[in-house]
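Only one chain comes next, encoded as structure tokens, the form predicted alone.
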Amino acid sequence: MQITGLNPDLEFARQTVAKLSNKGLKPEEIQDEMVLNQDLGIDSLQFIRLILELERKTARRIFNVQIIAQIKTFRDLCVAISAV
């Protein structure tokens, strides 16, 4: 199940994760249940870069320490973006 649908911020998140992933995945191949570090190869530095790019794109602060600690899967990332 894909939760991103037509939300441009979530589609940007999917594209950015695909770009930063070292797995060579296309955006459409990223599934909501994929774990960012294990399945998608997003290490801690890439994760920070991902957060910064998402905040820049949306022009708002999305993440804080409590939220970041809870983001494990692509779905978690999408929920954090949608919650703001």
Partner chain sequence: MPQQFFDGWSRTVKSNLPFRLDPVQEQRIDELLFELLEDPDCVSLLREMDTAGIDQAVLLVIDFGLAYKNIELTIEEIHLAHKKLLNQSDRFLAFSNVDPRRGREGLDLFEKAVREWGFSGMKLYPPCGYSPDARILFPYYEICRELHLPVLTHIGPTTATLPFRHTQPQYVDDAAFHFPEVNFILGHAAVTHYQDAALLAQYRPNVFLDLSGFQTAINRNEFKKIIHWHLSRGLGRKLLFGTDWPIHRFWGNQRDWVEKFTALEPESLSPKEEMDDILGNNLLGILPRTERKYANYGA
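Residue numbers count along the first chain shown, from 1. All values derive from a computational prediction rather than experimental measurement.
Just so it is clear, the following notes concern the form predicted in complex with the partner chain, a form of the same protein that is not shown.
**Student:** What is the one choice in 32, 29, 39, 55 with a heavy atom within 4.5 Å of the partner chain in the predicted complex?
**Tutor:** Looking at the other structure, the residue within range turns out to be 55.
**Student:** Though only this chain appears here, would residue 59 touch the partner chain in the predicted complex if you measure heavy atom gaps against 4.5 Å?
**Tutor:** Residue 59 lies outside the contact set for the partner chain.
**Student:** Taking the partner chain as it sits in the predicted complex, is residue 72 in contact with it (heavy atom to heavy atom, 4.5 Å or less)?
**Tutor:** So residue 72 counts as contacting the partner chain.
**Student:** Verify the contact flag for residue 68: yes if a non-hydrogen atom of it lies within 4.5 Å of a non-hydrogen atom of the partner chain in the predicted complex, no if not.
**Tutor:** Yes.
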